[in-house]
Ligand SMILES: C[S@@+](CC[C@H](N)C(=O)[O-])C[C@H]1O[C@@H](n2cnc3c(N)ncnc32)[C@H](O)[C@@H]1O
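Shown next as structure tokens: one chain only, the form predicted on its own.
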Amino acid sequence: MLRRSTAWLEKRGIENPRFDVELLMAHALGVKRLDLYLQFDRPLEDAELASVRALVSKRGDQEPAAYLLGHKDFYSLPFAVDARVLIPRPETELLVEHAVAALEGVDAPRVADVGTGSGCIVVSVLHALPEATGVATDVSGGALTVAAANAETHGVRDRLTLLQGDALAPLEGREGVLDAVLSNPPYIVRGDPSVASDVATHEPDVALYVSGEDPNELVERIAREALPLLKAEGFVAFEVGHESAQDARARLETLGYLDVTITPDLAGIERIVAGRKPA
């Protein structure tokens, strides 16, 4: 089953087919991936074969493995995911790492996560910083439901406020209350040929695409809206798209942010842009 399913997914153009088959088989059989090899000669019952085949078939039709499994690990924590939210990516962990490092030593830090989706960013920050509190916004009520469940799972729900609305509009009028504003906003321009077909077909458009041709339109908007909400020397930090970091840095500097930095991901792509509000 492992060999035949892997070969079938490979013909369907799935990247890392063996890894996906192992995940799906382990899920269907209720075992760990290692058990697939410890029990390599185990005969499968008809019901088990049907369950494995159904999952592999859906993966062959480009449905993301994370949606089929119902979860995705992020920052060493499992997050529930479904078609209402973007699947967390490893590069987004850099945003969490930046925030946690910058907020250590801050007394009872208050963090906002804009476009929270699954809640992976703010929940991971609150999990790492037990004295922190957070507020998360999203235009999607379904996404906020997923975020609330993940916050509950990881024991931070009582420290997290969830608000439905566009960007930072739900926080309008709350001047000087935030130590950090974090966001992995939509930054893909529609028609970008680099977007994988399973991503384009199954992940929510609202979490992927900007409205026009400017990949940094939401970065600039959120950074502008964040200025009155941040405390003195509070900071913003964004994940940005490929070849967008230099432009994003220039926009933050134009808005008045200081010490604007760019952090590359493991592939060397300039991925995280952050800046500090003046004192």
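Please read all numbers here as calculations on a predicted model, not as lab measurements. Numbers follow the displayed sequence, beginning with 1.
The following text describes the form predicted in complex with the ligand, which does not appear among the structures shown.
Heavy atoms within 4.5 Å of the ligand in the model of the complex belong, among the stretches 159-167, 102-110, 145-153, 124-132, to residues of 159-167. The contact residue chosen from V189, L94, A80, V206 relative to the ligand in the model of the complex is V206, the criterion being a non-hydrogen atom within 4.5 angstroms. Using a 4.5 Å heavy atom cutoff, C120, S140 and R221 all lie near the ligand in the model of the complex. Interface membership of A180, defined by any non-hydrogen atom within 4.5 Å of the ligand in the model of the complex, is ruled out.
Among residues of the shown chain, L86 is one whose heavy atoms approach the ligand to within 4.5 Å in the model of the complex. Taking the ligand as positioned in the model of the complex, the residues of 171-200 that bring a heavy atom within 4.5 Å of it are, in sequence order, N184, P185, P186.
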